Ligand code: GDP
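Next up: just one chain, as structure tokens, the form predicted on its own.
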């Protein structure tokens, strides 16, 4: 069984929490795109963990975790993340962590380039992209210009160090144009030695490993970062990530383009949240936003930035479900709405006075106005509910309404951060 766990909206939907929960039934968990520009927060009996690069399956000892070829890997960040988990008692060995030899290395100069451009945009236009400033766009750009380093090159340092001066001569033309000091070859050489050498025993051809696992009948889960609206092709460009967050890309980004998904599980919150810049039609402001943000703890796991928040957005969610080819949905953070006597839902958009039901092209999103409908809230604590029969009728009605409006089965509903705080609606 090959299953993708993917985000339906702007990211931060709770994918890490659901991967941690569902990975009990899987042998392998594979990240297939993105880098350390987003975080998956997982809370279980071992503690509270924020994972940026490592798959959420790393918290289960019997699960093999894969960093696929579609990823961009900050090797310093990865070494530090591995140490942090080991210090917390999590086992990490070459047997349960495998890194694709074809994955791209995020370099310090990519981070510098990201920061420089965000600062330039802020000063010149007042409209930065809202980057996490972790080098993601520059490193993906270098990948497609064929001027990036791959993890497999760490296994042949002689050739790696031979390439380095030419790459830096090219990159420093950009760095100097921004008014910064050029990046030194010796510093980057030392960087590779310090943070690259400890990872060499984990580097392998993950395509071979995953194909053999599939032939052996292993269950493989593909873990996405961010959501459909941050996809480089289908998202709200340019306020997106620089990789494909779409479930259909999972086998490609994992290293097994010959394999096909059996199931796509889409993750969406019981309300909306968004980190970064760009259009966000259903956004709350003022006290409305403050209450929802504080109730949901809506601060970025990777950056700590406060997330923008709003009610559930049907238009955006239907679009995300279609992009992800979602067969079923996991609805997270339903308990955040416990204190609401009435709950708003954004059911449609208004564009130039006309009601629209389909998610529009980015250029006109800023002109769209939300159309809200109110439903009755349950106004009580649901965090101890473990079966659908335990839920208040208003909570059950809210779930069924979202299911109908989005035209996709909501199979799982989380009512808390703990592993057991999840309800299977179809048991």
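Since this is a predicted model, take the numbers as computed values, not measurements. Positions refer to the first chain, counted from 1.
The discussion below concerns the form predicted in complex with guanosine-5'-diphosphate (GDP), not included here.
Though guanosine-5'-diphosphate (GDP) is absent from this view, in the model of the complex it lies within 4.5 Å of a heavy atom of just one residue from 82, 336, 183, 116, which is 336.
Contact with guanosine-5'-diphosphate (GDP) in the model of the complex, defined as a heavy atom within 4.5 Å, holds for exactly one of 375, 396, 43, 364, namely 43. Just one listed stretch, out of 33-41, 398-406, 356-364, 65-73, contacts guanosine-5'-diphosphate (GDP) in the model of the complex at the 4.5 Å heavy atom level, and that stretch is 33-41.
guanosine-5'-diphosphate (GDP) in the model of the complex is approached by residue 13, whose closest heavy atom lies within 4.5 angstroms of it. Although the partner is absent from this view, residue 307 contacts guanosine-5'-diphosphate (GDP) in the model of the complex, with a non-hydrogen atom inside 4.5 angstroms. In the model of the complex, guanosine-5'-diphosphate (GDP) sits beyond 4.5 Å of every heavy atom of residue 23.
Using a 4.5 Å cutoff between non-hydrogen atoms, residue 414 counts as a contact of guanosine-5'-diphosphate (GDP) in the model of the complex.
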